[in-house]
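Read on for two forms of one protein chain; each stands alone as structure tokens, with the labels structure 1 and structure 2.
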Structure 1
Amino acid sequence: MSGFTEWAGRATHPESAAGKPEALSGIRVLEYCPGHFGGMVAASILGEFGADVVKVEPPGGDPLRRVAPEGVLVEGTGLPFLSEARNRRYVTLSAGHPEGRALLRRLAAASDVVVTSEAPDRLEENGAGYLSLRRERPDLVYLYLSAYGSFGPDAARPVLDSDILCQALSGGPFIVGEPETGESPPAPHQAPTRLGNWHGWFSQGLWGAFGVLAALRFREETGKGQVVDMAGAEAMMMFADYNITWMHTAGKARGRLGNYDPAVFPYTYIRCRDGYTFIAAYNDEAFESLMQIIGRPELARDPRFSNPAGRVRIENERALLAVLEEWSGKLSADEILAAVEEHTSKKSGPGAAVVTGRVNRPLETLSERNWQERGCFLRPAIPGYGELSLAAPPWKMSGTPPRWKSGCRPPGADNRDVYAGTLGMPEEEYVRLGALGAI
């Protein structure tokens, strides 16, 4: 182990985070995104870096709490909400009530950042629209999340932003999944395929957080706030490789190729004795290494496979896959990793670029030593909700490390703390608003 590795492990281990300063301390974020997971992600990310996040829920709680895949509920709250419910204070108010609306406005005006997925005209009616808030707070950063965005010909489309819509519009699923084979009707899986997690919503939240951080930097320089308009459709679009440049330069659109790739091969999953593993070796030198590893060095000179353009012809990809699986079918994923590392550890440069990794089921990922030792998973006991397995913030940082500080709490659990403590509301008003049903 080198001095750097040792130093980095000591300086950035999540266990050393407590007590260190936080990057976004002093920034207050108001999250008003009922039913919207992308907004939760954006606020969580800012919260992990130390922002004070206040989540506003309608009385009875965010509808997202009741979303329960596989029917699993913990104290009435589903796992998607629980997975993202971190580092927040939870307040309730009724936007249908005049005093609730006034409170929403007070909260927004006391914040640096507003994250919302509510329709702009409704927010304006509720007193928390950007146009009226900016008069009071010209330095406010206002993140607005929607499927199509706040301007452009499709902006007025009446849709409720959701992961599946963001995914479909992004171009992602269009190039994920198996192509049709000409049989009629095609099999159900020969279709554009959604990414299994909420990657559309997740990307939307991440880009939203990025936009907010860029806007906060601009505010630090100029004192000015602004709107960050984040269309969920466009978030994963940024990840859709060279869709536009290929259309522009070659007039070609990408299609579905299953686990093949139009630009690189081998770069695919191969069957092995205990499941599937990833194998890549797409430059000539690495391909030669891989052919040595599988005991077929002569194939590196086979005219079908001897250059990158030949290897990405679909018929050659299929032929090579068969050759690779003839070898990998007898080995476990770990044995394949060992064989690859044995060979590449003696090489450097492009010839060492043979890469592999087991296609893990979630329980396999959870049990891997590397993630455990790096503090990648948490298992906190959350008051009222019990022990939960959660993904930790992924960044290891030496100066201002992000951290998980608290988990889910019931709706309104922090009402007194926020309304009396942060907003300075007198006790009798707090009691009165509660009795009115405004909070």
Structure 2
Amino acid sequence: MSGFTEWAGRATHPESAAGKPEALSGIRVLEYCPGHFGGMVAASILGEFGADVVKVEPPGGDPLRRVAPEGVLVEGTGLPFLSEARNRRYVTLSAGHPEGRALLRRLAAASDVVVTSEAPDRLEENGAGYLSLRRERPDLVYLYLSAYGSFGPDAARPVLDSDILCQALSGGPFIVGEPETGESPPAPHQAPTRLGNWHGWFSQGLWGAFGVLAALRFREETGKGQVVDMAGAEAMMMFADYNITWMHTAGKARGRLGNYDPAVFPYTYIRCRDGYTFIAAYNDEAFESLMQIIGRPELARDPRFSNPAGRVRIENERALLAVLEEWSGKLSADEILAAVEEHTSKKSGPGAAVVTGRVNRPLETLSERNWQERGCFLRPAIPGYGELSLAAPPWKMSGTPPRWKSGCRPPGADNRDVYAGTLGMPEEEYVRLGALGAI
């Protein structure tokens, strides 16, 4: 074990976070994003780094609380909401009530950061938008989340900012999925394919939080706040990688290739005796090593495979995949890993660049010793909801580490604490607003 490895294990492990400073201590964040998971992701990241996040829900609770895959609810709350509901105080207010709208404005004016998925014009009508508040709070940072962005020809479209819409608009799903074979109509599995679990919302929240952090750094130097305008489709476009450039320079769009790759091959998942494993050989020397590993050294000189340009022709990729799976189908993922490591350990430079790794099922990932020792998962007991398995913050930091401090709470659980404590609302006003249905 190297000196840095040993030091990092002590200095950056999540168990060492207690007592260390928090990067965003003293920053208050107002999250007003009913029904919008991207807003929850952005606010969660800021909360993990120490911000005081106040989540505003309608009196009946955020609609996301009722989203439940296969109907799985914990005390009336769905798993997606529970997984992202950390490090917050929960208040309720009715934005349809005049006094509720006034209260929303007060909360925004008392915050350093506002994260919202509400239409800017609607917020301005209520006096809670950035333009309405910037004279009073010139240091306010305002994150607007939407599908199309807050300006542009499509900005005014009355659409629900949903994950699947952001994905569709980005062009990403069009290049994901099995290639079309020309049959008519195409088989169902040859359609554009959604990118996993709510990637549109996750990327929107991640990039949105990144923008907020940069804005807070600028504010620290100048005292000036600003708007962060984050379109979900744009957030997904950041993952298009070289494909946008390729479309411009080659004059054609990339089609769906499944697990084949137009830039390098092999760079794919292959079947093995106990599931799937990843295999990659990035250059000619590595490809020659791989062919030696599988017992087919002659294929490194086969005209179809002897250079990178030949290996990425789709017909040659199909042929090479069949060869690889003829070998891998008799072995387990661990046996494949052992064979690769045994061979590459005797090489250096490009010839050692053969990469493999098991394609884990989720439960296998949860049980892997590496991730367990790094503290990648939490199993907190959340009052009212019981014990849940959750992903821990992925950043390991020695000075100002993020941390999980609290879990989900019922709608309005912190009304008195926020309204009376943070805003200084007199008791009689708090009681009156409750009687009016404004909170």
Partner chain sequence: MPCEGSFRDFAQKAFDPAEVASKPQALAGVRVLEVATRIFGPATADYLGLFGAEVIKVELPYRGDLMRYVAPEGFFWKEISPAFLPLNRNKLHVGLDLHPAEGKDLFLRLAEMSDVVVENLRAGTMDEWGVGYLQLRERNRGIVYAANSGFGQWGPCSEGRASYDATAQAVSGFSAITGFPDQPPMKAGFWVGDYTAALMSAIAILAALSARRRTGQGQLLDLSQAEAMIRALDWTWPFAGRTGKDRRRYGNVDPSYPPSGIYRCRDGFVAVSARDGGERACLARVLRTDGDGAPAAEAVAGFAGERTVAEVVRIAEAEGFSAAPVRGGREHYLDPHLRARGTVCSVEDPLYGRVDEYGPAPKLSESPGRVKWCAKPVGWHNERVFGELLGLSAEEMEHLARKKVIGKWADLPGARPPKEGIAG
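Numbers follow structure 1, counted from its first residue as 1. Take the two forms, superpose them, and find the largest set of C-alpha atoms that agree within 1.5 Å; that set is the rigid core. Keep in mind it's a predicted model, so treat the numbers as computed, not measured.
In this comparison, the chain shown as structure 2 is the form predicted on its own.
With the core superposed, Gly329 shows a C-alpha displacement below 2 Å between structures 1 and 2. The Cα shift for Gly349 between structures 1 and 2, taken after rigid core superposition, is 2 angstroms or larger.
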